[in-house]
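Take a look at this one chain, the form predicted alone, written out in structure tokens.
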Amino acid sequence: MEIFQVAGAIVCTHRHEGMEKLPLRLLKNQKGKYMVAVDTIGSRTGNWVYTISGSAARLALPDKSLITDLTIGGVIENWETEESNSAAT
């Protein structure tokens, strides 16, 4: 899993059969790299999300026979790091 920020929506007029109604999102990681992911949870631009990648990504889709290698698994509301924990003490 990786953490990304949703940078926007992707609009595609022609898609693989079965994927016509699946929303796609443009994601940006903390190093500035862009990726495209299937969004099954309804994320919005600006949300921080975690992703499911590789062959497991399709298991989060309604139709498990569709092929994707990156799916948004959830919206992150908050996260803590060791640096934030040590700064609080």
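As the structure is a prediction and not an experimental result, all values here were calculated from the model. Numbers for residues come from their place in the sequence shown, where the first is 1. If you superpose the two forms and keep the largest set of C-alpha atoms that fall within 1.5 Å, you have the rigid core.
FYI, the form predicted together with another copy of the chain isn't displayed, but the following is about it.
> Decide whether His14 counts as a contact residue for another copy of the chain in the predicted bound form under a heavy atom distance cut-off of 4.5 Å.
Yes.
> Which residues, if any, of 61-80 lie within 4.5 Å of another copy of the chain in the predicted bound form when only heavy atoms count?
In sequence order, Ile67, Thr68, Asp69, Leu70, Thr71, Ile72, Gly73, Gly74, Val75, Ile76, Glu77, Asn78, Trp79, Glu80 come within 4.5 Å of the partner.
> With both forms fitted on the core, check whether the Cα of Cys12 differs by 2 Å or more between this form and the one not shown.
Result for Cys12: yes, a 2 Å-plus shift.
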